[in-house]
Every structure is written in structure tokens, then in C-alpha cells.
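The data below hold one chain only, encoded as C-alpha cells and taken in the form predicted alone.
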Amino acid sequence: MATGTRARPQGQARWRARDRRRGPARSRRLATATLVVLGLAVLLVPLVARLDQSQVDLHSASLPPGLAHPFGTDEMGRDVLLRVVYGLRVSLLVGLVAAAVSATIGTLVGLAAGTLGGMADRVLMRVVDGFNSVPHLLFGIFIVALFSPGATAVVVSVGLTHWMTAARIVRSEVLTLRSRPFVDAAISAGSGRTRIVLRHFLPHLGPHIALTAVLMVPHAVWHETALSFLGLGLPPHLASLGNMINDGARSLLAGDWWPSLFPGLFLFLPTLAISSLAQHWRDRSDPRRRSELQL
């Protein structure tokens, strides 16, 4: 009896561990499938159907979703599905470039702070604290106001408001690496700071920088959408998710829900999928978290 009593809790523990592994696996597969479908749509639809940004067809204005227009049409008679795909293409491109800019700036600042140390470290960290004290969107609006509306202004705005997290992560990793024996050996062998950074720090920092950049993409996409929604991002006639949500907000007053629902859905799905995959990547790269998942 005692043996059977012990076997039952062990079997239940194995089932619970299997369920814990199945849950993340299902979400990971769903996130991957979502990104694959949206990626194929962004790549293939523009090759099949060209979008005329200035096309207006008032005879087809505000049509509900149907066979001819699966996502309906907006108040100008433009196909919402086609504009959503083009808008997602623009938002993802701007988000990827802005995330790369942010990761680059943060890596340089974090490397300088962690490598130099002393007064340079304290000054650079106070600069990071100063940037963090200002709301990102407010600071982004101020930066965009210095430029004419366009993709370049949005990339600069997002890049200059999201680098602080990368700087802190890189600095903390550099401070950890500085105490490693192989770094002490390199210093004893006469290696300079530049050689140590290029030969020892950057290879270890690569996965952390890549993960930080991936996690930054959803923030960059939402930031670009918010600026376009406020009329400070891309020009109003261009298809972008922020512009479409802004236009759809006016259509809601007339009872037309589709011009704002589908752009919002296409904004929500890819950012959630990217965040889910990045979370899985972070869990797998953390030894403590990886051991918990394998239990």
C-alpha cells in the first residue's frame, strides 16, 4: 500500500510537469504560425496587388466585410485588407530599424559604462536615468517635432527613446564579465581595452543584445503606431496601422467597426507573437529557468 501511495503522487507530478511543458509549446507553435502567416502576407500580397495610396472610390465607401472586400472598405472606398497588409509592412519595417538603432546605441553606452568604470560609469548611468525620467511618448513627440513627418523622423524618435534598457543590460553583463578569470588572464597578458571588448565581451554579449533587440520590436511598433495615430508619424495618406486606426475612430461614430478593428487586430497579433517567442528564448537561455521547464 505504501508503494502504491508513493507511486500515485509521483505519477501526478509527472503529468503536471508534462502539462507545464505542453502549455509553452502550444503558445510557441501558435506564435510561430502567426508570424509565418503574417510574414507571407506582407511579402506576397504587395507582389500580387499593388496599392495606390491616392486611390479614392466613393461609390464603394464604407462597405461591410464581404466576398469582394473581406475586411470591408473605409470611408474613402479603399480596401481595408490591402491597406492593413501595407500598413503592417510599414510598421514592422520601422519597428525593426528603430529596434536596431536602439540596440546599437544602448550597446555602445553600456559597453562604455561597464568597461571604463569609475566616473565615466556614474556619469553615463545618470544620463540613462535622465532619459528614463521622461515619458517615452512625450520625448518621442518632441523629437518628431524637430523633423518633418516621415519614416526617418519616427525611426529617430523610437531609436532615441528605447535604448536605455539595452544600456543597462549590457552594462550589467560587462560588469559580470570583468570578474571572470579569462578576462584577468587577458589583462595580465597585456591586452588593451579595445581587444578585450572585441575578443571577450562582444561574443558573450551577442545573445543578450539580440534578445534585447527582439523584445524592443513590439515597443517600437506600438510607439510608431501611437505617433501616427496622433498625426505625428507617417503622412496621413500613407497606409500605416496608426493612420488607419485614427481614420477608423471617426468611422465608429457612424457605426462602422471594421476600419478600426482589423488594423488594431493586425497590430496586436504580431507584437504578441514576437513577445511570446522572445519570452521563450529568454527562458531557454536562462539556466535556472531552463531547469524549471525540464522538471
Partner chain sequence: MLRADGVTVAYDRHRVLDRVAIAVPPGVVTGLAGPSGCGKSSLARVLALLLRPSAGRVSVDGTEVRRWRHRAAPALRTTVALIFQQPRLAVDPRFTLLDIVAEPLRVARLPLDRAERLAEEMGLTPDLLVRRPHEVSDGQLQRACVARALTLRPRYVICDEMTTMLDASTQALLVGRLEEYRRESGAGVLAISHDTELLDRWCGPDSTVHRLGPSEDLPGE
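Everything quoted here is computed from the prediction, not taken from an experiment. Residue numbers count along the first chain shown, from 1.
FYI, the form predicted in complex with its partner chain isn't displayed, but the following is about it.
Asks: Looking in the predicted complex, any heavy atom of residue 93 within 4.5 Å of its partner chain?
Replies: No, residue 93 is distant from the partner.
Asks: With a 4.5 Å heavy atom cut-off, would you call residue 189 a contact of its partner chain in the predicted complex?
Replies: Contact check for residue 189: yes, within 4.5 Å of its partner chain in the predicted complex.
Asks: According to a 4.5 angstroms non-hydrogen atom cut-off, is residue 182 in contact with its partner chain in the predicted complex?
Replies: Result yes; residue 182 sits at the interface with its partner chain in the predicted complex.
Asks: Although its partner chain is absent from this view, report whether residue 200 comes within 4.5 Å of it in the predicted complex, heavy atoms only.
Replies: Output for residue 200 is yes: heavy atoms within 4.5 Å of its partner chain.
Asks: In the predicted complex, which of the stretches 129 to 137, 201 to 209, 147 to 155, 214 to 222 has residues with heavy atoms within 4.5 Å of its partner chain?
Replies: In the other structure, the partner sits against 201 to 209.
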